[in-house]
Each structure stands twice: as C-alpha cells, then as structure tokens.
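As structure tokens, one chain now follows by itself in the form predicted alone.
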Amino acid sequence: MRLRTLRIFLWLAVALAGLGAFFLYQRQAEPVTQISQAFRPEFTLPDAQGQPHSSADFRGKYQLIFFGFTNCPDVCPTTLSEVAQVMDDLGSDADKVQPLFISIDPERDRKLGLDAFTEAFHPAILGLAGDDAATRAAADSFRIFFEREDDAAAPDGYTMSHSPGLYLIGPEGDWLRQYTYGTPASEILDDLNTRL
C-alpha cells in the first residue's frame, strides 16, 4: 500500500512539475515574441564615398547585416563568404535582399579601403563606416557588443572583439532573426526563400 501511495505521489509531482514548466515557458515566451516584434534597429552611416545611408533607405527589402572589421582574420571573411554565396544563389530574387557590412573599426577600415574589401566578396555588399558615435549608436540599436583589444601580434597593435551574428531585418525594418556564426549559406538561403 505504501509503495502504491508513493508511486501516485511521484506521478503527481512529475505532472505538476511539467505543468509548471509549461506555464513558465509560456510566460517567458510571450514577452520575447513581443520584444522581437517591436525590435526595430536603426542606423545612419556613410559608405566609403561619404554618402549617408539610414535604415529607412532599405525599407521594402530584406537586409542581411553583419558588424565586423577588415583586418578580421576569420569570423568576418567566413561570414561574408556565406553572404556572397547566398546572394549568388538567390538568383532573380537577389534584388529583394540588401547585404550590409557595418564597420566596428571605421577609421582604419576607411584607410584600408572598405569598398575593395566588401567587393572582394560580392558587389552587392554595401560597406558602411561612420564615426565612433554613429558606430556605437548602430551597435547599441542592434544590441551587439564590440570593443577594441590590444594585441601586439595584430596589425597596428590591436584587434576588435565583437558579436559574430548575421542579422536579418525585414522589409518594414523589424528584426527577424540572428544567424549564428557558422550558419551555412544553404540554411540562410532556405530561410530567406520561405520569406521572399
């Protein structure tokens, strides 16, 4: 009799724990959905020729946005290579997507040739590099991290640490999702094709 009572008690405990976890998940999931729907990052940054571009300029298109720097040894070139592959594979739908590279090391990147860097990956990728304040404002709007780090082995004695995600912004300017570093071009393409 005791064993049966214990089993019933344990099953009730498991059921209550599962029910509690379900409601906790529902409570947590709802605000995240609301935040993502209201999350609309903004920026105003110049291209390599000094022509200003704002987030509003790209309304009506999906945007693939990456924050990086031209001296980046691995994350930036890898991600931009994936973006280039996506743009090639989009075919006639490529004009519905604008890839953007936002420099987190703008002064040095302008000197090194921002256009040459982005065009080496794909001619559709637009490089933007503002001043420190505009760069910080853009990063804060996207809720990403970056900072300069001293590194004697790096060019000019420093490198940049930064969030490595690729961000998808919708035609109305809403943040739709983040592709984690290393997401293959095929997965990005599949996701975009469901939206286009």
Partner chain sequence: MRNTLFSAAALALLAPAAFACEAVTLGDLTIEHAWSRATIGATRPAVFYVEIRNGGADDALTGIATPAAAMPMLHETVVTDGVASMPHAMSVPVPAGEIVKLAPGGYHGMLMQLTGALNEGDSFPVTLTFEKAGEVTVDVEVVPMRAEGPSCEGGH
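Source: prediction; values computed, not measured. Residue numbers count along the first chain shown, from 1.
Keep in mind the form predicted together with its partner chain is missing from the figure; the text below concerns it.
Visitor: How about A153: is it within 4.5 Å of its partner chain in the model of the complex, going by heavy atoms?
Guide: A153: yes, in contact with its partner chain in the model of the complex.
Visitor: Decide whether E82 counts as a contact residue for its partner chain in the model of the complex under a heavy atom distance cut-off of 4.5 Å.
Guide: Answer yes; at least one heavy atom of E82 falls within 4.5 Å of its partner chain in the model of the complex.
Visitor: Flag D88 as yes or no: does it have a non-hydrogen atom within 4.5 angstroms of any non-hydrogen atom of its partner chain in the model of the complex?
Guide: D88 belongs to the contact set for its partner chain.
Visitor: Answer with yes or no whether P164 is in contact with its partner chain in the model of the complex, where contact means some heavy atom within 4.5 Å.
Guide: Yes.
Visitor: Counting only non-hydrogen atoms, which stretch in 39-47, 129-137, 145-153, 56-64 is within 4.5 Å of its partner chain in the model of the complex?
Guide: Answer to the contact question: 145-153.
Visitor: Check K96, I102 and G173: does every one of them have a heavy atom within 4.5 Å of its partner chain in the model of the complex?
Guide: The answer is no: none of the three residues contacts the partner (heavy atom, 4.5 Å cut-off).
Visitor: Only counting heavy atoms and a 4.5 Å limit, does any residue of 63-78 reach its partner chain in the model of the complex, and if so which ones?
Guide: Counting only heavy atoms within 4.5 Å of its partner chain in the model of the complex, the contacting residues of 63-78 are T70, N71, P73, D74, V75, P77, T78.
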